[in-house]
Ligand SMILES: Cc1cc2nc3c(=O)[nH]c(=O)nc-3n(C[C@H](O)[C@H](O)[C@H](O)COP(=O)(O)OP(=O)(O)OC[C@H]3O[C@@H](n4cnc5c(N)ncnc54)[C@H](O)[C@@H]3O)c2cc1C
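Shown here is one chain on its own, the form predicted alone, set out as structure tokens.
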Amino acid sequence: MTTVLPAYAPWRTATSALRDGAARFAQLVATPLVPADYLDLVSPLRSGAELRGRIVAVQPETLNAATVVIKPGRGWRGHVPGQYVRIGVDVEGVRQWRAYSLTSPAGRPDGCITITVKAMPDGVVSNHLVHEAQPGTIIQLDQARGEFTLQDARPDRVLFVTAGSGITPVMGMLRDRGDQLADVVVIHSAPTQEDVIFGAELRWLAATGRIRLIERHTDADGMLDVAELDELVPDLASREIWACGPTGLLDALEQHVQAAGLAGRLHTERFRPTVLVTGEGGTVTFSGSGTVVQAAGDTPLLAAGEAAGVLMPSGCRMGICFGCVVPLREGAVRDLRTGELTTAAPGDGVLIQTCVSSAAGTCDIDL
């Protein structure tokens, strides 16, 4: 007998306003921001502020996966189920950015969004979110992105092929438009039955006839061979296919459907995590001028740029006036006052103070 769990458990009570205020103050003084951001001490989710969110609850899904419920700030523009959102989380003094699929339907009545995270071995952010994140924590948010969606399509027959955390964007689609799809097959792989994220909900959808669910428990059954699809789904040629999972699965699936002449029916989502190597000093690129310099770990980026002839904005040169704030396009820098690291990937919109920051590995400054 399978126990059916509700899709959304009651939210945990948020931490007290006093503790929230103290946490926001600590975050601000540890992060180089422009003066206007000090308004965030009063209202971090206010309209016009840098987009942020507040963690409302962390709900376990499996032993190593959890759904994080987030209340986004007023600048949030919404999402289409299947899209992902990048979040910035401070872990041990370092702001880390990661992308996670949105697992909530569009337009939840409470205004919240959810991401579901699987803790990966040596995953700094995933382990923090699953095992350590607390309600009331303020995180950075980007707007939703991605084309792995149903969009306006209402195909007669749908096949979802997922493995591991690849079920997360698909669950967002099922929760939002599952009742609008007439014929849905879900093939999902996980090591064991207990490792299936949203297992109870998927089995309930199957029991009520909303989907046909094929579970592959790889510890006992072995990995899914895409050649089996023709047997598992005899009408494969008539289905629109969405797939998300490990690279090996997606590569094999792409080859299979291409050989069958179905490449135009396949939609895939691939996650490409950025591997960032930090250290003391490094190569600094000032992308606006095309200048590249080698900077020591104890040299402010402001000084390194000026020595190379780059026109650098500046003011007090002590980290007080914020006259030197510029975007860090990519890489890592170290705060010379505290030793804390700030990292960025393209599009993160991270700001740094060049007068009190040094290179902590290869970095790209938008100047």
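What we label the rigid core is the largest C-alpha set whose atoms superpose within 1.5 Å from one form to the other. Computed from a prediction, not measured in an experiment: that's the story for all the values here. Just count from 1 along the sequence shown to find any residue number.
The following text describes the form predicted together with the ligand, which does not appear among the structures shown.
- Contact annotation: the ligand lies within 4.5 Å of heavy atoms from the stretch 92 to 100 in the predicted bound form, the single such stretch among 135 to 143, 92 to 100, 204 to 212, 221 to 229.
- Remark: none of the three candidate residues (50, 54 and 345) comes within 4.5 Å of the ligand in the predicted bound form, counting heavy atoms only.
- At a distance threshold of 4.5 angstroms between non-hydrogen atoms, residue 200 is out of contact with the ligand in the predicted bound form.
- Contact annotation: residue 270 falls within 4.5 Å of the ligand in the predicted bound form, judged by heavy atom distances.
- The ligand is not shown here, and in the predicted bound form it never comes within 4.5 Å of any heavy atom of residue 179.
- Although the partner is absent here, residue 191 sits far enough away that none of its heavy atoms falls within 4.5 Å of the ligand in the predicted bound form.
- Here is the short version: of 106, 120, 262, 153, the single residue with a heavy atom within 4.5 Å of the ligand in the predicted bound form is 120.
- Residues from 285 to 318 that approach the ligand in the predicted bound form with a non-hydrogen atom closer than or equal to 4.5 Å are 316, 318, in the order they occur in the chain.
- Residue displacement note: residue 302 has its CA displaced by at least 2 Å between this form and the one not shown (rigid core superposed).
- In the core-superposed comparison between this form and the one not shown, residue 63 has its Cα shifted by less than 2 Å.
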